[in-house]
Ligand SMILES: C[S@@+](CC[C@H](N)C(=O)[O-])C[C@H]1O[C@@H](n2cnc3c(N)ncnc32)[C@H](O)[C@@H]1O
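Below sits a lone chain in structure tokens, taken as the form predicted alone.
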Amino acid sequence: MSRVFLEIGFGGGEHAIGQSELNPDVGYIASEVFENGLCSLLSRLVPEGEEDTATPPPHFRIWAEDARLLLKDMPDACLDQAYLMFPDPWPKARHAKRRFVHPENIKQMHRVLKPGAIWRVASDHPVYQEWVTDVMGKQDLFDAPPPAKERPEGWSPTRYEAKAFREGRVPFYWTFTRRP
């Protein structure tokens, strides 16, 4: 595979699978630490009754640990695209350091993404939306235009997005482009 995408915290896996199906020529790494999410993704990839013999698509890999550990070990400029879709907002101020969109993680994302590569982030939580807008507005490693309020073309839907709509929240969709 000449191109590689990374999804951080894939939840139920619907976005990861959707993107990997839209991009079968791209190596896709899906990262998730929570067992429920891993089981959900695997149940989508492995047909019932074929657990002993089925294998994921050849271009698809699963990282079942914290994505920050993976990022530390990745070579510079190795990713063509990254996703962070509807992460846990950690809404209490004392938990802000746990948010993935954080200055230290932004530096790592800049290091592993190729110049001009895209980092897509989506959130429906007002605290996280404000946080991302503020943190990305203060950095100089990515172009950070205002978020779209409708899912851009080519973005696979997620169950978190559907839940946000049911509950009357408006998701924000950011597309950050890595500067040289």
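Just so we're clear, the structure is a prediction, and the values are computed from it rather than from any experiment. So that there is no doubt, residue numbering starts at 1 and follows the sequence shown.
Beyond the structure shown, there is the form predicted together with the named molecule, which is absent from this document and is the topic of what follows.
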Can you pick the stretch from 112-120, 126-134, 140-148, 58-66 whose heavy atoms fall within 4.5 Å of the named molecule in the predicted bound form?
58-66
Indicate whether the named molecule has at least one heavy atom within 4.5 Å of a heavy atom of residue 80 in the predicted bound form.
no
Give a yes/no on whether residue 158 approaches the named molecule to within 4.5 Å in the predicted bound form, heavy atoms considered.
yes
Is the gap between residue 171 and the named molecule in the predicted bound form 4.5 Å or less for some heavy atom pair?
no
Any of the heavy atoms of residue 54 lying within 4.5 Å of the named molecule in the predicted bound form?
no
Check each residue of 72-89 against the named molecule in the predicted bound form and list those with a heavy atom within 4.5 Å, in sequence order.
85, 86, 87, 88
